[in-house]
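Shown next as structure tokens: one chain only, the form predicted alone.
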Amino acid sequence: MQDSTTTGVGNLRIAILSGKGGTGKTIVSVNLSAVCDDSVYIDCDVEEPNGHIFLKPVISEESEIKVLMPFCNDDLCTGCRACVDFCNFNALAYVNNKIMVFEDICHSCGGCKLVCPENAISEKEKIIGKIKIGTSDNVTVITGIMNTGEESGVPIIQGLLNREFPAGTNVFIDCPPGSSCSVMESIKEADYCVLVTEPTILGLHDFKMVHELVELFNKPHGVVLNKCTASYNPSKQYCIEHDIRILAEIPYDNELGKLNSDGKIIVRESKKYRETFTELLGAVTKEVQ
């Protein structure tokens, strides 16, 4: 089916997040991007990015993300332990007359280098992941990929979001699931947050945590209730009780599930769901205004 897009308010950063995986966060993110003119989709779920499976972008650019790690020159080190005492993350230790660096817990702040009185500590680059940029029809797709075994994807997320986009461009940020530091980094500069949840007790439990997070950050927000049935929906009841704006209710539907499992962009295949996501985009832009 031919794609049909709609133009909303430009220059918006919309973060889509969920308390747990599997609620439909990426489906909402991808289809909001596809139904909007001149949009940017940013996949900040750098541990397991999967928006590209649906958007299938043609990659035009790829770059590495590097962080700086401390490196000690043993010939200059006098064992004063100033660097060890400085590090609040316990990433340094003085063992057998040598400074040991635990890279997995180092936050690359550079403080140990600054406090060393002998200039024994320098820094070396470490590659922790990469960023891929491509296009999928009207959508610019920017994907962060963290290398296996790395502890934090925050530097990659910073590399994804610290970019300039053309005037009038709406940016849709597909956040990691949960409420970790990576999620906090993803929503920090967002104009509006869309929370996606499902009608289960577990879904409600994790939805409450992510709701507390956006409240903590004082972010305007609304909710997409996904996989809705005629049965009781505890997440919907929570929204009613806490006066949370319900932006859309997406049904538990075989057509949607089939398109999703086939890796399709739903709004490019289904007129019904193109209208659904167009209305959702309109609701979001109206909320921001």
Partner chain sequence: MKKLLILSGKGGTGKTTVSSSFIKLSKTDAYADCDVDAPNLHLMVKKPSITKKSVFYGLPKAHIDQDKCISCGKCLENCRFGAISALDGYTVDFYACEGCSVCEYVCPVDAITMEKADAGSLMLYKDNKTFSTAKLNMGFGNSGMLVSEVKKQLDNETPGSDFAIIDGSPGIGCPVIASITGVDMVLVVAEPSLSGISDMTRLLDTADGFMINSAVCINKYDVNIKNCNKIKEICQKRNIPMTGMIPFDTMVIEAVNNGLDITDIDCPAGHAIKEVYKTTINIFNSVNQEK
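Just so it is clear, the model here is predicted, and its values are computed rather than measured. Residue numbers count along the first chain shown, from 1. Just so we're on the same page, rigid core means the largest C-alpha set that superposes within 1.5 Å between forms.
Although not depicted, the form predicted together with its partner chain is the subject of the following passage.
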Only one of 58 to 66, 27 to 35, 225 to 233, 242 to 250 has residues with a heavy atom within 4.5 Å of its partner chain in the predicted bound form, and that stretch is 225 to 233
Look at the candidate spot formed by K20, N88 and T148 and say whether its partner chain comes within 4.5 Å of a heavy atom in all three of them in the predicted bound form. yes
Within 4.5 Å, heavy atoms only: does L202 come near its partner chain in the predicted bound form? yes
Does S108 make contact with its partner chain in the predicted bound form, using a 4.5 Å heavy atom cut-off? yes
Hey, in the predicted bound form, does L216 get a heavy atom within 4.5 angstroms of its partner chain? yes
At the 4.5 Å heavy atom threshold, is Q237 in contact with its partner chain in the predicted bound form? no
Option touching its partner chain, based on a heavy atom within 4.5 Å in the predicted bound form, out of E123, E118, E189, D137: E123
For the stretch 231 to 263, which residues lie within 4.5 Å of its partner chain in the predicted bound form by non-hydrogen atom distance? S231, Y232, P234, Y252, G257, K258, S261, D262, G263
Using the rigid core as the reference frame, would you say G51 shifts its C-alpha by 2 Å or more between the shown form and the other one? no
K188 C-alpha relocation of at least 2 Å between the shown form and the other one, rigid core basis: no
